[in-house]
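Given as C-alpha cells, the chain that follows is alone and in the form predicted alone.
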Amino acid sequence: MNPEERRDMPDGAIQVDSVTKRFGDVTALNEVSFTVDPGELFFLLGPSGCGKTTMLRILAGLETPDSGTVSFDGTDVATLSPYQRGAPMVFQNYALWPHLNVRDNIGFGLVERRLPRREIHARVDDILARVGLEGYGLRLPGQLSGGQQQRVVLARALVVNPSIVLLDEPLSNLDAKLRADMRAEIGRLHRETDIAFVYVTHDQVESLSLADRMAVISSGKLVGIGTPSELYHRPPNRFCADFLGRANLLPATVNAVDGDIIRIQTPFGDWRACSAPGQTWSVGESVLGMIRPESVTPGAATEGANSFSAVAENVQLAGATLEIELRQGETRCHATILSRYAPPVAAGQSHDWHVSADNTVVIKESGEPVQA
C-alpha cells in the first residue's frame, strides 16, 4: 500500500491529539497532534532536546502526558502498560541480554507470551533469515559487531508480529558506512511488512531517505508535517527550511499575489515564487525567499525563471559537485552544481545564474517556528 492510499484511510494506526508534557518548568511537548497511518514509516525529526524522544516514550507507555490523548487503532492506550500496547521499542543502546545468545534474545518476547516451543523456533529461524543473521543464532551479543547487534534488536521487535514498532535513534552508535547499510536494511524490512514504524532521529539524511512522512519538532512544538519532498522543497517556515538542508534565505517583500504565484521583491530583483500549501500572503508583507543551492543554475535565465548576476567568490570541488559562494553587493548565496557537467566558473568573476519560480519558495520572515 502506497502512502497516498494510506492517507485516505479514516483511522490511523496511531492518533496523537494535543499531547503536552512538562518536566518541572520545562515544557517538553506543547499541544502536539499527528496521525500515523497503518503500515507507514513515520519519522519524528528535530534537534537534540526538542521533545521527539519524549513523544516516543509516551507512545511506548514509558512516560505519561500531562494532557492530551494517544490512541492505537482507535483505542485510548492511557491505561495500558508498555507490554499491553504491543508496540516494541528499538533502543539506540541495543539493550540486549548479554548472557543470552542471539536466538534467546530474539525469542524472549515469544517465551513471555508462552507460545509453543516449536512456533518460537520457527519464528526465530524466519526472522534470522530476514535480517541476514543465519548462522549467528548461538553467538552472544558481545561476539557481534554493532551492525549485527542492531539487526538482533530489530529482529526481536519484529518477531512478535506487532502492528507498531518504535525506533529511538537506532543508528546513532554506528559508523557512517554501517549507518548507510542499516538505513537500507530498515527500509527493506519495512517494505516487507504492514507494520507502522515510528522512527526518532536528528539525522536529516535518515529521514529524507527513508520516511513516508515526517513530523518536524522544535522546542516541543510540531512545526511541520508532510512527505520528505514536501518539507524539503516547500517548507512551511524558516525552521524547516534551515533544519532539512542548506537554504539560501533572501530578504524580500510581497509585491503581488496571483493565485499560486507570489511576486516578491528581492535583492536580486522582482522575482516569481511559490509557497507551501495553506499559506496566505499580503502585499507589502516582509518575507523570505528560499532557494536550495542545487536549484541555482548557471547561465542566462530561461523564460519565466528568476535571474541574477553574481561574483563567484569561492569555488570548491567536493567530488561530484562544485560548491560555489556567490555575492552580489551585500547579498550572498550558495550554489551546488554537478562538477562533471559544470560550465567553467572562475572565482573572482561575475557569472549569470537563474532559479525557476517553482524552486523559489516564500516563507515567513520570523525565525520562530510556528504551530503546523
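Quick note: we count residues from 1 along the sequence shown, nothing fancier. If you're wondering where the values come from, they're calculated on a predicted model, not measured in any experiment.
From this point on, the text means the form predicted together with adenosine-5'-triphosphate, which you will not see here.
Does every residue of Gln15, Thr69 and Asp73 put a non-hydrogen atom within 4.5 angstroms of adenosine-5'-triphosphate in the model of the complex?
The answer is no: none of the three residues contacts the partner (heavy atom, 4.5 Å cut-off).
Could you tell me which one of Leu317, Ala347, Leu62, Val26 places a heavy atom within 4.5 Å of adenosine-5'-triphosphate in the model of the complex?
For this set of options, the contacting one is Val26.
Select from the listed residues Glu230, Glu169, Asp212, Asp104 the one whose heavy atoms reach within 4.5 Å of adenosine-5'-triphosphate in the model of the complex.
Comparing distances to adenosine-5'-triphosphate in the model of the complex, the residue within 4.5 Å is Glu169.
Considering non-hydrogen atoms and a 4.5 Å limit, does adenosine-5'-triphosphate approach Thr54 in the model of the complex?
Thr54: yes, in contact with adenosine-5'-triphosphate in the model of the complex.
Give a yes or no for Gly304: in the model of the complex, does one of its heavy atoms lie within 4.5 Å of a heavy atom belonging to adenosine-5'-triphosphate?
Contact with adenosine-5'-triphosphate, no.
Using a 4.5 angstroms cut-off on non-hydrogen atoms, would Ile58 count as touching adenosine-5'-triphosphate in the model of the complex?
Because no heavy atom of Ile58 falls inside 4.5 Å of adenosine-5'-triphosphate in the model of the complex, the answer is no.
With the cut-off set at 4.5 Å between non-hydrogen atoms, does Leu41 touch adenosine-5'-triphosphate in the model of the complex?
Flag for Leu41 set to no.
Looking at 323-331, 31-39, 306-314, 46-54, which stretch has residues with any non-hydrogen atom within 4.5 Å of adenosine-5'-triphosphate in the model of the complex?
The contacting stretch is 46-54.
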